[in-house]
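Two forms of a single protein chain come next, each set out by itself as structure tokens; they are called structure 1 and structure 2.
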Structure 1
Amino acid sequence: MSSREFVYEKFRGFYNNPSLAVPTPVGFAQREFAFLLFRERVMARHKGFANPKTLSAFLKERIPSDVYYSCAYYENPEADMDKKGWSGADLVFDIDADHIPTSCNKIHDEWRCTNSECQFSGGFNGKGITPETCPICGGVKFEVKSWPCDVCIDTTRAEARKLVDMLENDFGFASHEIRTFFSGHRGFHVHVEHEAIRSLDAMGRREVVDYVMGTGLAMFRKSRKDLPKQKKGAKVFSLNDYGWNRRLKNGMRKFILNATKDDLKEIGIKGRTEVILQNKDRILKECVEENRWSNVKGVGVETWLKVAEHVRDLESAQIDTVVTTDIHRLIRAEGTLHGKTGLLKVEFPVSQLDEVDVFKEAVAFKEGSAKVLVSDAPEFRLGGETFGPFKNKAVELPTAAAVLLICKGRAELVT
């Protein structure tokens, strides 16, 4: 049996399990479903199902490596795009370590340009986040080897936490109106299924994205002459207690409380570092709490703007902007397998975002083992156990770990 056939059989067993919980999104019959078929390696799109039973039968027969459904609701899900009859869409967010710099991606993520004309022998390669274009030949196609680890998950978890906080406290959604998922790979999905947002067009969703990412905040667009003035004509820095002003105020409180001299220099503050460090208590009380930002002599508007801009970057949520603005977007279906890992996309309550252990909850294959030859893999956790690191080593592993390594291109089945 080949490695690919081994994984296929595991996926087939999963989708043929009588206890399989078939995904049943709200408005089931109005959704377009799409599948990346395991053996054919082609995308089957524009599929509609009258009920979960017919979807279950399709999964058992076709065995997909990945299952998606549309964030949109359609009158005719199986029609061509221009004839589907769009009637609204959920608001969905994708937070993925593939797009966020982490302290670990230069350790376990690799990429190589696959352009045959690349001037670099074998294709230019590197570690970390994959560039948009090859710096040598300008190519846009890459072979990528990534890895899901605890650092990736904790980094994306922090971004998801900020996003959920905005949805609840700035947009006014209740926690039960927000659905949170582990994607099955290296991040989280957040869905808002609410009548208030269904009719938003792409431009309206762009406004949501800009807010979440802190893009275009007015205070950073203003020139000095546009800043508010006191009676004597001096420019003033001021923050109120709602929206991004409140976020900046809270973030500046945390930053100033913990800031070191190096932290201040790193954001461009040089001549006023000692003044800020020596007056932390006063700044926190009079500036942050009482909104009297001009009370500390020697620290003016430009300094506070630099701190606020840095805090804006810390407090914004890093999301895949294309996913949220696309009113026809396909999103991975909950309870289905991820073709790059063999892990499940699993839902959990918003209240458990900080505690959920995705490398336990998302394990689909809990029985059996397999012997694999691992070319290269870092130490990793899965199903409550720790494995590796491995380098050119044959090892017997639980099925879930073996499937993960094979799907990530880091191991082959030993027969």
Structure 2
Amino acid sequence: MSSREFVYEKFRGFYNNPSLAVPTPVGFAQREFAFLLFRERVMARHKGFANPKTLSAFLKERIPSDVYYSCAYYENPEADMDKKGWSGADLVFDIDADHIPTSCNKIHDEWRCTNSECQFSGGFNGKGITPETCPICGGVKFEVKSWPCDVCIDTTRAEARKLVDMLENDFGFASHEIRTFFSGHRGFHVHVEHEAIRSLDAMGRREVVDYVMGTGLAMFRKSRKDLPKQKKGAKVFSLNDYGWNRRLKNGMRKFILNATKDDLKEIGIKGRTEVILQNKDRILKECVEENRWSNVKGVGVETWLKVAEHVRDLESAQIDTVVTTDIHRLIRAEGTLHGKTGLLKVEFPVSQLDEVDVFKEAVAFKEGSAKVLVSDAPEFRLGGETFGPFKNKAVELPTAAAVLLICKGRAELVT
């Protein structure tokens, strides 16, 4: 049996399990479903299902490596795109370690140039975030080996936490109206299905994205920084207790309280660092609490703007802007397998966001084991156990771990 067949058999077993819980999103019959088919390796799109039973039958028979449904609701989900009759869409957020620099991608992410004419024999390669072009040949296509680790997950978890906080406090959604998922790979999905947001167009969703990402705050407008000196008074910089102002205010409080000389230098504050470090208490009281930002002599509005801009970056949530603004987006279906990991996209209550062990909850294959030859894998956790690191080693592993390594291109089945 080849490694691929082995994984296929596991996926087949999963979708043929009588106790399989198929996804049942609200507006089930109005969603477009799409499948990446394991055998054919093609995308089957524009599928609609009257009820979960027919979807279940489809899954059993066709065995997809990945299952998606539209965030959109359509009158005719099976029709061509322009004839579907869009009637609304959920508000969807995707937070993925692929787009966020993490401290671990240098350790576990690898890339190799696949340009056949690459002058570097075997294709130039390296670790960390994949470059845009190959430094040797200028090629733009790469074979990428990434790895979902706890650091990746915690980095994206922190972004999801900030997002959820905005959805609850600023956008006013109750926690039961916010659905949080582990994506099955390296991040989180957040869905809001509330009636109020369904009819929002792409422009409206862009405003939501800008809000979440901290884009377009008037106080950082260029013309403000260009104001002539005499007009820059305390009033130019001022923070209130609502919306983003509140976030900046809380963020400035936190930042100033913990700031070291290096922190200040890093955001481009020179010369004034001592004044700030020696007057922390005054700054916290008179500036942050009482909004008298001109009270500390020698620290002007430009400096506070610099701090605020840095705090804006810390307080905003890094989401994939394209996903949220796309009102037709296909999103991975919960309770189905991720073709790159064999892990489930799983839902958990928002209240569990800070502690959920995704590498436990997302395990789909809980029985059996398999012998694999691992080319290279860092130490990893799965289903509450720790494995590796492995280097050119044959090992007997629980099914879920073996599938993960094979799917990530790091192991072959030993037969």
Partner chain sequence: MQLEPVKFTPNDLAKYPFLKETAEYMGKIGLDIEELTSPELGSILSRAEERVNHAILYVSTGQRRENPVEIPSFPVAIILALATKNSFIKKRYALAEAKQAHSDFQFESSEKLLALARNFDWDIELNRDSSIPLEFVLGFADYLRNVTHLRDEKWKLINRFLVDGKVYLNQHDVARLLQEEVQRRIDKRLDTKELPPFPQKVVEIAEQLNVLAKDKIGEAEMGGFPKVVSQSAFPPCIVALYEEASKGRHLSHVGRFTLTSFLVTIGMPPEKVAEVFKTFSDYNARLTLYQVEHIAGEKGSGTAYTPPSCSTLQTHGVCVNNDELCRWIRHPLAYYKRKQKTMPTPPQAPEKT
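Here, rigid core means the biggest group of C-alpha atoms that superpose within 1.5 Å across both forms. Structure 1's sequence is the ruler for residue numbers, which start at 1. In this text, all values refer to a predicted model and were calculated from it rather than measured experimentally.
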The form predicted alone: is that structure 1, or is it structure 2?
1
Two rigid parts rotate relative to each other between structures 1 and 2; which of Gly48, Ser146, His194, Lys162 lies at the hinge?
Ser146
Note the number of degrees the smaller rigid part rotates with respect to the larger part between structures 1 and 2, based on C-alpha superposition.
15
Can you give the C-alpha shift of Gly123 between structures 1 and 2 in Å, rounded to one decimal, after superposing the rigid core?
3.8
